[in-house]
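Shown next as structure tokens: one chain only, the form predicted alone.
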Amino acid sequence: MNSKDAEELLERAEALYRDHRLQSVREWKRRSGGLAVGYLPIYIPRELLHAQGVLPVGLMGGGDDLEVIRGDSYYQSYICHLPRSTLELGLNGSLDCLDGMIFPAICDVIRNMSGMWKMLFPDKLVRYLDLPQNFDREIGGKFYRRQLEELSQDMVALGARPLEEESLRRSMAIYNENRRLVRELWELRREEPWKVPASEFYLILRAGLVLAVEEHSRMLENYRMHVHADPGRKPMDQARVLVTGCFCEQPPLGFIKTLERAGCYIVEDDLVQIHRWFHRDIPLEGDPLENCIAAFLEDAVASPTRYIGDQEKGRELVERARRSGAEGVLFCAPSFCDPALLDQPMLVAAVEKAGIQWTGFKYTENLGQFQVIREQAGTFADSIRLWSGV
């Protein structure tokens, strides 16, 4: 893959990132004749939709390219930006190509948004996916199985094909491969972050929200070939940081570039978390639906949206920091994000106990001014480079 091909790949990824009208989804529907269903972050069982011939389409709001006008009239001013911009996209016709919407259990705002969507778009399927917070297979497992069976029936009523075991098993294998490719790039970024800039990787992951998974896997493979072959990617004197808090509303691309320009190698983060929701592949042997349920209950990453019972809050964050070689933690939460901001004091306590430096700031998806963040992140990176080990 030559430099021109790599440039075109990244240009396409950025075009998909900025395409609020979902032209790639419209083209996929024209080619395939299939259904497309949107979902809000963070997690839905994409394998199930894929097995029924439905394209899952991840919606991450309008970013910094969209002026929100009508969407602001449906929410209070102290609500995060993501639901307001998503409503704006629905109201201005950008999401007309979607046959339905899935709202997973994230927070009260998203729960309420599912009700709004039913009233505003009565001709579209709307499904609130209530994810279990009890991870006992006999309790949460049975509850989640019923949720998935009802979701599958919703897809059939919409016109999708019925869910079959072999189809689900094939889809699970395809998504396992996609997650494997993501993990390989993730590990390369940890080892040699100059080869996989976070701003590039972010665009590649965002592209995967609107592309068919098979096409996204090819994009990941092509990008990996490029970064391995490019001799121009040389290490610089940057601080290695872990960015956490951006698991739902995503920051604008300029925010990530600002952190990089401030002297940070982002070696670990929560961005576009659905691509690495599970630590390992989902097993293919046995009942595939039961395996999907077990993976969610027992192998999912720590998240402010998941109850952890008696476990120590922040332990996994510290483990991620150590595993990635991060020298500091950046707590970057969207403004008014209750799950992230309620978790942050406990996570800060765990980081401080582990002796890891940290700083924090908030953002919105439409943030356009980055100078203050650049100064703060740059000062933090300088302090790491100057004083680490002293």
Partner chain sequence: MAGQEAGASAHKDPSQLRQKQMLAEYFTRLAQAPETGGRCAYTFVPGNLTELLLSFDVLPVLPEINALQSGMRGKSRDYIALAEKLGHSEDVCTYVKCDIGMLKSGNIGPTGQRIPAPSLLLLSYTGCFTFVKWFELLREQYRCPAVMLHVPYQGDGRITASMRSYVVDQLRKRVIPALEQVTGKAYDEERLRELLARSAAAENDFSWILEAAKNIPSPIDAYFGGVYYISPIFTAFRGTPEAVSYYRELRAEVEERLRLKKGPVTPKGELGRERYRVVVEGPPNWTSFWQFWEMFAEEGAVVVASSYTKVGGIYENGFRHDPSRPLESLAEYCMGCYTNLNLPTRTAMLARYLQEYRADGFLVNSVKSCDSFSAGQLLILREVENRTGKPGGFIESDLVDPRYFSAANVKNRLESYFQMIEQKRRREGIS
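Keep in mind the model is a prediction, meaning the values are calculated, not measured. Residue numbers count along the first chain shown, from 1.
Not pictured, yet referred to below: the form predicted together with the partner chain.
With the partner chain left out of view, the stretch that reaches within 4.5 Å of it through heavy atoms in the predicted complex is, among 42 to 50, 25 to 33, 329 to 337, 57 to 65, 329 to 337. Contact annotation: of the candidates Ile204, Ala239, Leu168, Ile106, the single residue with a non-hydrogen atom within 4.5 angstroms of the partner chain in the predicted complex is Ile106. When the partner chain is considered in the predicted complex, only one residue from Pro162, Gly115, Pro235, Gly159 comes within 4.5 Å through any heavy atom, namely Gly115. In the predicted complex, no heavy atom of Trp194 sits within 4.5 Å of the partner chain. By the criterion of a heavy atom within 4.5 Å, Ala173 is excluded from the residues contacting the partner chain in the predicted complex. None of the heavy atoms of Gly254 is located within 4.5 Å of the partner chain in the predicted complex. In the predicted complex, at least one heavy atom of Tyr74 sits within 4.5 Å of a heavy atom of the partner chain. Three-residue candidate spot Arg146, Lys313 and Met346; every residue lies within 4.5 angstroms of the partner chain in the predicted complex by at least one non-hydrogen atom.
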